[in-house]
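Have a look below at one chain only, the form predicted alone, in structure tokens format.
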Amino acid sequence: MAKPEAAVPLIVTLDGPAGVGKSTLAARLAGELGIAFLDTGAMFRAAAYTLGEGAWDWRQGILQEKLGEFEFSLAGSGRQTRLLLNGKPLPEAIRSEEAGRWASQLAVVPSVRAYMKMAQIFLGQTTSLVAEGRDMGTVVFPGARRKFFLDADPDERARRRCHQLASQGRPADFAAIAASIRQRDDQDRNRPIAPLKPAPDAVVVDTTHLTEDEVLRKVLDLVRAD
């Protein structure tokens, strides 16, 4: 008697620029669907934070050797999903603006992108997940069942980031955050490797004038319609 075929993991991708709310939405969407949340930005931030400033200028051999020591894994689902690096939870410091800038620099290095793509594909081969990032629908999971591209006005994204930091009791300089977001936009949208753009079959959602709940309902309805 033949064994039943294993179910194909459900993959949903959420791409978009910095500060658009991808991580929050992806975590909530994954919770509604009862699957894992893959924060790919955290993977790059974790690598940048662990390797340190200037790692993007290292010789490729050294960089590849260090990346070879990394192993990412997922535990839990929805908001309770934990992304682990070598079996350990990621430090809160990876969420700093500095770590974000480092991650954006590191993300343009071919060997880094190749490693991360391989690690992300491996996770998606065995686990149903909602993946958020910059090129999930275009490069990493081109065969995903549903793809979304979230966008919003840069100043609105800066305001949201300031509100998030203030709610955590952390300093929030609007001008500095807005400048950082515009700088990252320029880096991400104009980089030669996997530039930030919607996949041809992605649903583009402008979140500038939508609440988080409204965006979630829109995306969830489309996923459940399949």
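Heads up: residue numbers just count along the shown sequence, starting at 1. Because the structure is predicted, anything quoted here is derived from the model rather than measured.
Heads up, the form predicted together with 2'-deoxycytidine-5'-monophosphate (DC) isn't pictured, but that's what we're talking about next.
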property	result
Interface residue in the predicted complex among K197, K66, R191, R159, criterion: non-hydrogen atom within 4.5 angstroms of 2'-deoxycytidine-5'-monophosphate (DC)	R191
Per-stretch contact check against 2'-deoxycytidine-5'-monophosphate (DC) in the predicted complex, the hit in 49-57, 26-34, 166-174, 181-189 (non-hydrogen atom, 4.5 angstroms)	181-189
Partner proximity in the predicted complex: R146 to 2'-deoxycytidine-5'-monophosphate (DC), non-hydrogen atom cutoff 4.5 Å	no
2'-deoxycytidine-5'-monophosphate (DC) contact in the predicted complex: G100, any heavy atom under 4.5 Å	yes
4.5 Å heavy atom contact, L129 to 2'-deoxycytidine-5'-monophosphate (DC) in the predicted complex	no
2'-deoxycytidine-5'-monophosphate (DC) contact in the predicted complex: S104, any heavy atom under 4.5 Å	yes
